[in-house]
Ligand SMILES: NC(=O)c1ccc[n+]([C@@H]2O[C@H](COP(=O)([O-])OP(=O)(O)OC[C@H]3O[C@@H](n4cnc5c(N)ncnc54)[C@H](OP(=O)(O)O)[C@@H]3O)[C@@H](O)[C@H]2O)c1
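The data below hold one chain only, encoded as structure tokens and taken in the form predicted alone.
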């Protein structure tokens, strides 16, 4: 299947590790030009070099998405350098934790406000695209009880409501908005590698919840995201696509 991504302009946050890295590498392999950001300069530079070798245009900068003005300025620079924006994938997350109220503030600023600011800043570009597409990375933690009353879970749930309502608001302008919610995803340096080493009982419990017997990989999630983001997924908007190999147990009608 031709996803229709060749020549599209995609901006992705948190794109040097895990799911974000897999997304930009796959989009580039499909012929999309890439704007990316992350927190570490060396990792951004490496990603730019490797993606450039695929023959597409790529721009990257180090950005702290909690700095709203700096973040919005980078988004505008990236869109200008690429010649527009057809796809926006806000992927940065503050992660979990229950140790203090700071988790709630950080999760709100990173998971929610970085997404909202990105959507609002890039919306004029997405509207001009004619095939504008936003794919927000949520989590199965948002749809079932998991781990405890964490800020991460609540903020990922907030993104589901925001995504659905935004899809209705901008649909008439030709912009699609969806969420992809991964279940447990294992990769070197990722959260589940840490859990395996430090909380083996939790890791074993999670593995037993997956009928297919394995956690997802960043590349598997990226393939779902790429389809939803692409013109090939043109009929899908306002959806929350679960990508978890059967980890969650809810029935969704």
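This structure is a prediction, so every number in the text was calculated from the model and none was measured. Positions refer to the first chain, counted from 1.
Another form, the form predicted in complex with this ligand, is not on view; read the next lines as being about it.
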Exercise. For the chain shown here without its partner, which stretch in 163-171, 148-156, 75-83, 121-129 has non-hydrogen atoms within 4.5 angstroms of this ligand in the predicted complex?
Worked result: 148-156
For this session: Determine whether any heavy atom of residue 230 comes within 4.5 Å of a heavy atom of this ligand in the predicted complex, and answer yes or no.
Result: no
Exercise. Could you tell me if residue 15 has a non-hydrogen atom within 4.5 Å of this ligand in the predicted complex?
Worked result: yes
Exercise. Is there a heavy atom of residue 40 lying 4.5 Å or less from a heavy atom of this ligand in the predicted complex?
Worked result: yes
Problem set entry | Close approach of residue 139 to this ligand in the predicted complex, 4.5 Å, heavy atom | yes
Exercise. Though this ligand is not shown, can you say which of 65, 28, 47, 226 has a heavy atom within 4.5 Å of it in the predicted complex?
Worked result: 65
Exercise. Looking at this ligand in the predicted complex, which residues in 67-97 have at least one heavy atom within 4.5 Å of it?
Worked result: 91, 92, 93
